[in-house]
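Shown here is one chain on its own, the form predicted on its own, set out as structure tokens.
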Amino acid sequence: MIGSGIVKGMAQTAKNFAGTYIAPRKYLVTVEYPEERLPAKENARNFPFLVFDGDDPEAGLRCVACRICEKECPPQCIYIEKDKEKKPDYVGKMQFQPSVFDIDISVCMSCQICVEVCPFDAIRMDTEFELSNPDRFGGLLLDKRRLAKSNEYCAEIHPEETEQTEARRAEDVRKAVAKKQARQQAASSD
């Protein structure tokens, strides 16, 4: 019959229209964005940020300025300068830190290669996407002060990944302590 497709389409439209009154959760999927927000998915990624431990973002920064992420970044949007002398981190261990760590997010393509190559788990991808800024030129170049976010924040947006990372880091610390104790015992037995 000619026009049967139109009749089927109109029937589906009527069913959906009536369904919005009967089961609104099933049929109404529009979110009124500024007032209502959907939670970000754990594997969502937008732009990188630097992870720090402890309370002080400057001292607790995990980054040791090895510059691997800078070398591996395809669009070359990461710029790092290493400090001249070692500084104590949040637990008091002396290590190098970046004096300058900038990411130009206007160039960043959110490929996550910097996260994958970082041996210190210092970079993670953020889920924040509201980055509009009235500053026309300087608002998209983020320095280490604006990039630093706590490990607790990282655990909120990526709970499974952070749990795995922390377990691996704890295991590495345990192995290092066991190795140090074995060396001390060997030295004391000589």
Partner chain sequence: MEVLLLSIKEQLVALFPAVLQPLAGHLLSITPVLGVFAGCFALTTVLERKALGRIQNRFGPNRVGPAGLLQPVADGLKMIFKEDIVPLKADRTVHFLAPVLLATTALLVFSVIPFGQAPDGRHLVPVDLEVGLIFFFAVGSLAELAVFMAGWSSRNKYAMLGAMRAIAQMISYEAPMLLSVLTVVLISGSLSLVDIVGTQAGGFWHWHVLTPWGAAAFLLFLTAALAESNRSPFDIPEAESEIIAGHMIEYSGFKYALFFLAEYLGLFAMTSLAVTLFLGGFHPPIPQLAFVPGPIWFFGKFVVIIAFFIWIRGTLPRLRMDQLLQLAWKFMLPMAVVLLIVAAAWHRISLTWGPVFGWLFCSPPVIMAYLMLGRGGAGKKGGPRVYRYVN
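Small disclaimer: the values here were computed from a predicted structure and weren't measured. Positions refer to the first chain, counted from 1. We call the rigid core the largest set of C-alpha positions that still match within 1.5 Å between the two forms.
In what follows, reference is made to the form predicted together with the partner chain, a form of this protein that is not presented.
(request) Report the stretch among 62-70, 153-161, 31-39, 44-52 that approaches the partner chain in the predicted bound form to within 4.5 Å, counting heavy atoms only. (result) Stretch with heavy atoms near the partner: 31-39.
(request) Check whether residue 6 has any heavy atom within 4.5 Å of a heavy atom of the partner chain in the predicted bound form, and answer yes or no. (result) Yes, residue 6 is a contact residue.
(message) Given that the partner chain is not shown alongside this chain, does residue 2 nevertheless sit within 4.5 Å of it in the predicted bound form, heavy atom to heavy atom?
(response) Yes, residue 2 lies within 4.5 Å of the partner chain in the predicted bound form.
(request) Tell me, yes or no, whether residue 27 is in contact with the partner chain in the predicted bound form, where a contact means a heavy atom of each within 4.5 Å. (result) Residue-level check for residue 27: yes, a contact with the partner chain.
(request) Check whether residue 181 has any heavy atom within 4.5 Å of a heavy atom of the partner chain in the predicted bound form, and answer yes or no. (result) The answer is no: residue 181 has no heavy atom within 4.5 Å of the partner chain.
(message) Need the contact residues for 13-27: heavy atom within 4.5 Å of the partner chain in the predicted bound form, sequence order, or none if there are none.
(response) Stretch hits, in order: 13, 14, 16, 17, 20, 21, 27.
(request) Kindly check if the Cα atom of residue 26 is displaced 2 angstroms or more between this form and the one not shown relative to the superposed rigid core. (result) Residue 26: C-alpha displaced by 2 Å or more between this form and the one not shown.
(request) Answer yes if the Cα of residue 11 shifts by 2 angstroms or more between this form and the one not shown on a rigid-core superposition, and no otherwise. (result) Yes, the C-alpha moves 2 Å or more.
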